[in-house]
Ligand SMILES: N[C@@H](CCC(=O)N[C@@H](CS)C(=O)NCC(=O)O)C(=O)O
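This document starts with one chain, in the form predicted alone, laid out as structure tokens.
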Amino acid sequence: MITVHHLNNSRSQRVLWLLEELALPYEIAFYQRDPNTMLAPASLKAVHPLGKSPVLTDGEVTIAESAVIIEYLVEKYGAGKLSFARGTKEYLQYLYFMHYAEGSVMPPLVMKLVFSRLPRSMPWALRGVAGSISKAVEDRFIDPQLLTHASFLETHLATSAWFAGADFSAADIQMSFPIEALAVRAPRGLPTPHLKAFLEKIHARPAYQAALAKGGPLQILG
């Protein structure tokens, strides 16, 4: 039996969604973030040494990292669904966005979260200084990067129905979390009609809705 070790409000929601798209049976092991630190509980380390989510177990196999989990499930159980034939331009785009999601766009999104929350984590006497430093880093470095990524993605979707081409694929599932985060953390939100349309399309998919019903709501931290 496939088990998803699912942390609330996390990337593991994508794995639940993929399993729903593939109509595969699975179980969910639920974990809750610490309400103060927002970190995963130590019990996740019993599943994987890094103690992070998502983690998937499939019989004797334990897999971490969203892209690896998604590619494993699509290759083993997809029967040609949600991917593309190797050697095609769609497959190259598929691979690109599978790895761009965590390798390129998520780092500045994580930095945005960290720096926006830095002042409140400091002693009261240092919050003013910490706030000034955080704002400077956000204004001069993080926000320009996020706007560059948003512009790149908006331009791409202006000429492509989905991230890897005309057909919905697992690359869209992988890209969903960064786009959800961009909508919350990018300066001025997402003034980008094609990215907004992407979110509307995925939110309307029955499998997406089924994953939320089983895994709980996804609330991206701002």
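The first residue of the sequence shown is number 1, and the count goes up from there. Just so you know, these numbers come straight off a predicted model, no measurement behind them.
Keep in mind the form predicted in complex with the named molecule is missing from the figure; the text below concerns it.
Exactly one listed residue, out of 26, 31, 162, 177, brings a non-hydrogen atom to within 4.5 Å of the named molecule in the model of the complex: 177. Residue 65 is the only one of 167, 154, 58, 65 with a heavy atom lying within 4.5 Å of the named molecule in the model of the complex. The closest non-hydrogen atom of residue 187 lies beyond 4.5 Å of the named molecule in the model of the complex.
Heavy atoms of residue 40 reach within 4.5 Å of the named molecule in the model of the complex, making it an interface residue. When the named molecule is considered in the model of the complex, residue 102 lines it closely, a heavy atom lying within 4.5 Å. Stretch 5-13 is the answer when you ask which of 18-26, 195-203, 208-216, 5-13 has residues with heavy atoms within 4.5 Å of the named molecule in the model of the complex. Counting a residue when any of its non-hydrogen atoms is within 4.5 Å of the named molecule in the model of the complex, the hits in 46-68 run 51, 52, 53, 54, 65, 66.
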